[in-house]
Every structure is written in C-alpha cells, then in structure tokens.
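A lone chain, given as structure tokens: the form predicted on its own.
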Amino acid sequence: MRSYNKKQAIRILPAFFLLLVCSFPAFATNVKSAYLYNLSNFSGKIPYSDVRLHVDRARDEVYVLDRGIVKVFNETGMEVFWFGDNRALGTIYDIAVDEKGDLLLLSFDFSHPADGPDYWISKCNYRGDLKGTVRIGGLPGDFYGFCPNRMFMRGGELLLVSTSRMQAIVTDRNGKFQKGYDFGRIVDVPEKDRLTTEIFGFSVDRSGNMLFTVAVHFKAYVVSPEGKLIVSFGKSGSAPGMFGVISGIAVDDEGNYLVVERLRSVVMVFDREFRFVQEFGYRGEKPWNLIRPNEVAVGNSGKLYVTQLRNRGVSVFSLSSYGTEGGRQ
C-alpha cells in the first residue's frame, strides 16, 4: 500500500509543479504617461514651433535652439538664460554639452553661397561666451562634401550626422576624423533610392548605440558603435503601434523605445523587446495633446520632452514603467 502511494505521488508531482508555475502570471512591462507642463518663462508658456532640443542630464538642464537663439531651462522647465546673438557664433544648427559643462555649437556661415556652406564647432562656456573653435579635417573620400546638421558627444568624441546623406563621422576633440558610418549601406538602401531616402529622427543611447528612423522605410533602426545593425523594427499602418510618418526616437532609462508618429500626433512606446506597449498625445487642443510632434528627448526622473508645431511649445511628460500581471494590456 505504501509503495502504491509513492508511485502515485511521483505521477502527480509534475502536474502539481506545472499547476504551481501556471498559477503565477507572467510579468510584462507597462508604461504610465502623464502630462506635466510646457517649457516656460515668467510670461507663461513659450510658443515654440518645431525647435531643436538638447537635454544635459548631468546638470539637469534643457537647451532649446530656435532660429539661432539658445535658451536654457532649469529642472522645473523655467527659462534661466539665453544667448546666440554673438555673430562670431555664426548660424547655430545644433548644440551638445561635454562632460565639463562646456557647450559645443554646430555653427554655419552662409555668406558665400558660391563656395557652399562653411561650418565649424564653436566651444563656449556655460553662458555662451566663445572660448575657441574647432575645424573638421582629414575626411576620407567617401565623406567628401560631408555637411552635418546634427551633433552629439559620445564617449569624449564628437559624432556629427548628416541626415540627408545618411552618414555620420566621429572626430576627436580637435576635429580630426576617427571613423565614419554610411547608414545607407548599413540598412541596405539601394543606390537608386539614396537621393530620396533620409533619416528623420536620430539619437544616441547611453551605450553609444545610434538610433534613427527612416520614414520611407516605416522602420526604426539601432546601430552599434562598431557600425553593425543591431535591430530594425516597425510596420507601416495607421493603427496604434504602426508607423505612418515617424520622426524622433529615443530610449528611456527602463530600456523602452520611444518613437514619434507625426501623422497621428502620438509618441509610441515599445518595450526592450520592441513590442508595442502604448502611445500618448493625440491631436487636439488639450494641454496633453500634441500637434505634429517631431523630436523626443529623455530627461531625469522619467521626464520626456516633445517638440511640436503650431506654436504648441515643448511639452514635458513623465513616464514610469512597472510590471503588470497577465502580460501587456
């Protein structure tokens, strides 16, 4: 009798453990978004329309570049300083901040159109006072005529991007060429399509990976610092989680990928496995609505900055991730 019970127990045990495992639902990531405020000054919300944005997380400040003028906002979204009226700075196209807090401006001179645009890097202190300039040199033949419109600091080096040519170069602090990327080749853009294919959104994550969107491909891409394609994701469509006309892209501290969808005026959230989680914004006149968003940038404490059109300014949201029982909702 005792032997019979033992055999029965052996047969029952696997089923018992299976039941035990199944009784605990799988945990998945969910994201909660909330509108916080718009970047403002003492007169109220600043009616920006499609501006360039840079978040300096080390100092918890936000830089907004609007028609050559740089305005600085503190951690509460209030304007605290501005500069850009110094002609020596040229026409400012982008801004980055190095580890010491010095500002790097991508400056242009268009006064001699016959010679093509002239560009350089202006090095400034935190108040925008010019400390020196850097010229880019030593470009190989594949990058002849390279003319950047985006700039990032990555591991102490400069990363300059031409979104129209789908190329990027890395230089040292003195502007000497170190390496280059041809994103058109990396993502297999046919030669006949090179002139009609360009990057819309671009950012760099904390590991130095380069994230960008190509609207005509309905795809977002992640490329390693070594120039290897890590992943591409996205499908064309107009439903939630689908790509219509995509633009800005970033990754938050939880590893969620944020992609701006212009047509539906939303920011889409994908988890670290590139599964669609949720979206927020939507066209409208409410404070939390968006009008044709473009860029997205991640700040401290889960803050997310989104630029948009029609004088709607820069909207600030909070994002928080948490596990949910039973999978995605």
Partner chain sequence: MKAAKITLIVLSAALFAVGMGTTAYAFHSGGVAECEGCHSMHSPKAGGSFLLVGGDQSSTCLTCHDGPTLSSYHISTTASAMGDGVSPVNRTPGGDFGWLRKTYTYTYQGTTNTEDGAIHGHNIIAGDFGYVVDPINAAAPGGTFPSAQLACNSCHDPHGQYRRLQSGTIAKTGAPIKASGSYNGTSNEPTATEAVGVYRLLAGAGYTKDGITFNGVPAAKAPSSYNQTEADNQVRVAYGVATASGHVTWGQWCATCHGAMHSSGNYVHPVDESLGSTIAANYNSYVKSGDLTGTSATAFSSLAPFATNSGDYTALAALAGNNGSSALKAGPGSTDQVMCLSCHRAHASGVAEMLRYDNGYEFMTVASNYLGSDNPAMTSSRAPLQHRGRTMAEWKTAYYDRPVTQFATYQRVFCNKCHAKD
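Positions refer to the first chain, counted from 1. Since the structure is predicted, the reported quantities are computational estimates derived from the model, not experimental observations.
Note that the form predicted in complex with the partner chain isn't included here; everything after this is about it.
- Taken together, the three residues H217, R262 and I291 all lie with some non-hydrogen atom within 4.5 angstroms of the partner chain in the predicted bound form.
- Site annotation in the predicted bound form: the residue of S111, N86, T76, S224 reaching within 4.5 Å of the partner chain with a heavy atom is S111.
- Here is the short version: of T197, N209, Q167, N256, the single residue with a heavy atom within 4.5 Å of the partner chain in the predicted bound form is T197.
- Although the partner is absent here, R59 is not a contact residue: none of its heavy atoms lies within 4.5 angstroms of the partner chain in the predicted bound form.
- Although the partner is absent here, S107 is not a contact residue: none of its heavy atoms lies within 4.5 angstroms of the partner chain in the predicted bound form.
- The shortest heavy atom separation between V245 and the partner chain in the predicted bound form is within 4.5 Å.
- With a 4.5 Å cutoff on heavy atoms, N41 does not count as touching the partner chain in the predicted bound form; it lies far away.
- Note on the interface: of 95-103, 151-159, 232-240, 178-186, the segment with non-hydrogen atoms within 4.5 angstroms of the partner chain in the predicted bound form is 232-240.
- Residues of 268-301 that come within 4.5 Å of the partner chain in the predicted bound form, judged by any heavy atom, are Y282, R283, G284, E285, I291, R292 in sequence order.
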